[in-house]
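Below you will find one chain, with nothing else, as structure tokens; this is the form predicted alone, and questions on how it binds or moves follow later.
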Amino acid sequence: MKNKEPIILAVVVFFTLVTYYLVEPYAHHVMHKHVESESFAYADLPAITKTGDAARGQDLVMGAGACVGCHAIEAAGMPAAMEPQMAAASYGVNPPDLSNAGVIYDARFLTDLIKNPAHALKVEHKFDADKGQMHPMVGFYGAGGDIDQEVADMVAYLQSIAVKPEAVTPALAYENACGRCHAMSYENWTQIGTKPKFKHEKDSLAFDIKVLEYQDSIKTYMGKLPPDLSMYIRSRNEQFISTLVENPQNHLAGTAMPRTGVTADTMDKVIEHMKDAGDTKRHKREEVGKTVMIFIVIFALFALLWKKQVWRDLH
């Protein structure tokens, strides 16, 4: 009697794989166009030709560059001039703390951002200077010397005060790259920071009001409220999210979402944070999964031996 079990198993496996492909990878392929990564090289931006001096850069950032007029630099003892909701009412979004800008963002991007924000962020379609549509961030026009050298000095200073790349946590990467526009309720993160645990409800409500005020400004600035990203990693794949952050215009031409200019390493950590938020038990589940697979293999071997023992006289 011919043993047909391997054939039956092969048929089941084949149709299972075909069904999975049609439901998951193929569906994503049809519903979302594939966009190749640009490797976070920002090749469309001018190359860096100068070597910066951090000491001179500090003088520019604190002085002629006027960066601290809008930005906090907590690492240098410079707090924000306004609360986030007040800053958003003035600029559309809260300007980021520059303490770790030198490690979170690509140097080529930072260089162009300082001189021409709308161009670096790829939102010139929204902020056209020729039509009087000025970007909230004022470009740096120089302090009387070689502007390229001055900008290189400013970038060098921002890099010098930033933490080392290995010290950038997934949460820190997310907060800097995405957190001023996108909430992440699963992590208790709002656009103005992590919501504390308040003793009195009135204090909690007061915080919520500040968040709502901030969100109103974001809606006006962006056209709509950017989505909460708690589960975004599970509704979109990593490649989609990575290439969207790298260059939003490649996915959504004309979108108000700016290019953030993060490094490839920062993007990896943003993805890691999104995974942790979207599946809080994923590390534990992966460990349990390995144990279950080992059990299944051992169980299958014993089942096969038992089956041969029971049917040995019939085969």
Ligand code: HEC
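We number the residues from 1 along the sequence you see. Not measured: the values here are computed from a predicted model.
The discussion below concerns the form predicted together with this ligand, not included here.
Visitor: Could you tell me if Thr255 has a non-hydrogen atom within 4.5 Å of this ligand in the predicted complex?
Guide: It does: once this ligand is placed as it appears in the predicted complex, Thr255 has a heavy atom within 4.5 Å of it.
Visitor: Please check if Ala129 has a heavy atom lying within 4.5 Å of any heavy atom of this ligand in the predicted complex.
Guide: Because no heavy atom of Ala129 falls inside 4.5 Å of this ligand in the predicted complex, the answer is no.
Visitor: Could you tell me if Phe109 has a non-hydrogen atom within 4.5 Å of this ligand in the predicted complex?
Guide: Yes, contact at 4.5 Å.
Visitor: At the 4.5 Å heavy atom threshold, is Arg259 in contact with this ligand in the predicted complex?
Guide: Yes, Arg259 is a contact residue.
Visitor: Tell me, which of Ile192, Leu172, Ala152, Ala101 has a heavy atom within 4.5 angstroms of this ligand in the predicted complex?
Guide: Exactly one listed residue reaches within 4.5 Å, namely Ala101.
Visitor: Only one of Val93, Ala118, Ala183, Ala156 gets a heavy atom within 4.5 Å of this ligand in the predicted complex. Which one?
Guide: Only one option qualifies, and that one is Val93.
Visitor: Pick from 198-206, 137-145, 76-84, 163-171: which stretch has a heavy atom within 4.5 Å of this ligand in the predicted complex?
Guide: One stretch meets the cut-off, namely 137-145.
Visitor: Would you check whether this ligand, in the predicted complex, lies within 4.5 angstroms of a non-hydrogen atom from each of Ala177, Met222 and Ile241?
Guide: All three within 4.5 Å in the predicted complex.
Visitor: Under the 4.5 Å heavy atom criterion, name the residues of 268-300 that approach this ligand in the predicted complex, in sequence order.
Guide: Heavy-atom contacts within 4.5 Å come from Val270, Met274.
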